[in-house]
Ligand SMILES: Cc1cc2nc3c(=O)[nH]c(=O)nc-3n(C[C@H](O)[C@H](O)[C@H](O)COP(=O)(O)OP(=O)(O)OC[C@H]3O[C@@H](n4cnc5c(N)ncnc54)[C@H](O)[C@@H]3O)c2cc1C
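Encoded as structure tokens, the following chain is the form predicted on its own, with no partner shown.
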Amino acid sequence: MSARGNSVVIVGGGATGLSSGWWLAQAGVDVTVIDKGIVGWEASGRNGGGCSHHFSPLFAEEQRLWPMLDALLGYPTEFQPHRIRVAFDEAQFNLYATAMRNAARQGFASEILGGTDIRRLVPLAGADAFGGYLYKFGGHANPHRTVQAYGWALQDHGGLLMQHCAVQGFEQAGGRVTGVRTDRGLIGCDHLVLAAGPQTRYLAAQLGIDVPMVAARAEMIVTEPLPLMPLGGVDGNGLYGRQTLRGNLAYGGGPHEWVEVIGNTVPPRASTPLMQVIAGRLARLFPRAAHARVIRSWAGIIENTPDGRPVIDRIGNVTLATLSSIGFGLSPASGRAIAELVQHGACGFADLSSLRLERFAKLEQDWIELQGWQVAAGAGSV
């Protein structure tokens, strides 16, 4: 690796970029993580904190790492194990069984719950809970604490973190990226990692790489503190989220508002009518908390690939990492996988072939319209 500049420059200070930088720094690699704002300002700091992705090739490693992450990083993430999913009818009950079956094939156990079990384990639930599952895997963590922990641990191992540093372009020579032009000067590099969330498509296009994705604004609401439930990770009624250690319910979950992301600009994130939809569904999930006041809300910008799955791929000396809205939970494992791609050209602990960019080689040109993901009028200027 070169003596000038940095061996690896990672664009994107979310959970994926920071975790990748931390793994690389631990390995003694000279790494710099840059972000146009502050770390975790987009989806990584504005999500439900879930840590379970049973459909991912990184699932086993994700589950291995989360319980030990506090010790590895040296800072708290507030990780709590296990999750409950509540179903309100037989159709939802059968749908949620998919996670149980997928996890079982990988050696992870679940427990089937009846309505009485749900009301015992989830005191805020009501009489209309049909049943559900106790997944004895996964869990949840505090997104803000976790992103902060990654950033500090990265720096503890010699990595450099540059916030408020916007990318303006790239230097290339001989078919390779040799530097990143920023508003704070040129940073030379031997390897570039693009983990910039919705901006990844814009930045990759400057290198002649097409990464299909559409950005969306996803909103979360937070209630006043309530008595703590036995398990803080409870999903259902189309919602994801957690009960914080203080007792607040922090929840979100569609419908998304599709927005335009152009260059380094960030669409406004003011509260929208989605807050009312989320609050109504949260009251059904937890009817015994229906009286709780919503004390704040926020929205983050997430990226979505056509099939909803991440892209983790190396093309020359560029590694692409767009996690399609599930980056926070996968971050311990995805960061390790990206670090191995950078150093060795392949991931040694998981098969990432299903996450390669080439799977979109024959994507229809009008795929956005076919998905129905068009930006609504005014969605980018709320």
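Note that residue numbering follows the sequence shown and begins at 1. Computed from a predicted structure; not experimentally measured.
One more form of this protein, predicted in complex with the named molecule, exists but is not displayed; see below.
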Exercise for the section: Please state whether all three residues Val11, Gly37 and Tyr240 have a non-hydrogen atom within 4.5 angstroms of the named molecule in the predicted complex. Expected result: yes
Problem - Segment that reaches the named molecule in the predicted complex - one of 121-129, 108-116, 283-291, 165-173, heavy atoms within 4.5 Å - result: 165-173
Problem - Of Leu249, Ile84, Ile302, Leu192, the one that lies within 4.5 Å of the named molecule in the predicted complex (heavy atoms) - result: Ile302
Completion exercise
Note: exactly one of Leu320, Ala339, Ile326, Leu352 sits with a heavy atom within 4.5 Å of the named molecule in the predicted complex, namely Ile326
Practice task
Tell me, yes or no, whether Gly233 is in contact with the named molecule in the predicted complex, where a contact means a heavy atom of each within 4.5 Å.
Solution key: no
Practice task
Would you please decide whether Thr32 lies within 4.5 angstroms of the named molecule in the predicted complex, comparing each non-hydrogen atom pair?
Solution key: no
Handout entry: Asn47 within 4.5 Å of the named molecule in the predicted complex, heavy atoms
Key = yes
Handout entry: Touches the named molecule in the predicted complex: Cys347 (any heavy atom, 4.5 Å)
Key = no
Exercise for the section: Quick one: name the residues from 15-31 with any non-hydrogen atom within 4.5 angstroms of the named molecule in the predicted complex. Expected result: Ala15, Thr16, Gly17
